[in-house]
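Structure 1 and structure 2 below are the same protein chain in two forms, each given by itself as structure tokens.
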Structure 1
């Protein structure tokens, strides 16, 4: 899990610090450029640095990232068939908790960017699905990272990240499946809420 966490953070770094790739028409990579610029502006803003500004900084980062990452789709896929058995209110509540978990686990790592070299190497589009591939040079190792996206009207949204064959969605599905089998949906929600509470308390 630690390796996947580090790799996911590098995936975010590749999104933030790579040069734009332009096509004849706005495509998945090009549509991510406002997100890149917005997060860079937050990370480099002296007024938002430091522990005292953590809450405001994280909120601003999540506001920007949310414009290009479909956390509801991530939540739906993580729950699998269980998603279809819960109410609309529960779906909204689960999406909030799952988004907060992803924020707690990953977003803080963005602030530790240490100059990893990132190259966009490919963009593949098939209908309303796309995969944007980057190579991250981390401590001499070449790490391939694939952003899995889908088109929602005119916008391309990230709903999964695949790192060396490891899917973020699949990783969480495997973690949650055993809890769902033994504790049911309500038990899973309690586990996620406790994790988020622990992060909030700084433990």
Structure 2
């Protein structure tokens, strides 16, 4: 009888003092914050500034960003139902081109960073999806940027960026479906490749 009581007490104690399961995994904000801070650290590093260091800087930023941004998921979402109709090789090739496009767009935009403060102000989790809201303070103008994430195994990965209500992925999705209607998948890939070429040449 005593043994049973002891066992019971032990069970109660272990329940009381064991940490809840969900704190074992870092939440969306905890996972996103170091990535954003890492990018800012690279952008403010004087040794990496300027046009001459562009390739090295972008490579470093992409290394950091890739750990928290799922470019394949973004590619899948922008393509919509067409994703299911293309071959595995095409999926890989498309992801490469799309990653390059998003790199040019998003990191190209980040490179205009000039010491703005980034505040993590809110987090909303629904099942396996989450929304992390940041406010970027540019000389008093406060720009809300929402990162939409999903939990893949243990990691929260960003698959969309929403700025002032405008979704990056939805915007490209609409553009792509318009191009797909007239020029099919092959035409779309060509358009994306050409866009990436103009980025590489000029800006």
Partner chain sequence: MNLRFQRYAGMKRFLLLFLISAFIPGAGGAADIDLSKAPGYKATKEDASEGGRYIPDLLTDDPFISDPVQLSGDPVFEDDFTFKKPPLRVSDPLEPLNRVFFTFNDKLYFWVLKPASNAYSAVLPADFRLIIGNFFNNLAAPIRFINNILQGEIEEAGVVLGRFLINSTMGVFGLGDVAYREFGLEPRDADFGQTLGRWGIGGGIYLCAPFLGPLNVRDSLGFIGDVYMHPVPYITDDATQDVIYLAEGRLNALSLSPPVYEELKRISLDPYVAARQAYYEYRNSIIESR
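This one's a predicted model, so the numbers in the text were calculated from it and none came from an experiment. Residue numbers count along the first chain shown, from 1. What we label the rigid core is the largest C-alpha set whose atoms superpose within 1.5 Å from one form to the other.
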Completion exercise
Form predicted on its own: structure 1
Handout entry: C-alpha of residue 138 off by 2 Å or more between structures 1 and 2 on rigid core
Key = yes
Exercise for the section: For residue 163, state whether the C-alpha moves by 2 Å or more between structures 1 and 2 after rigid core superposition. Expected result: yes
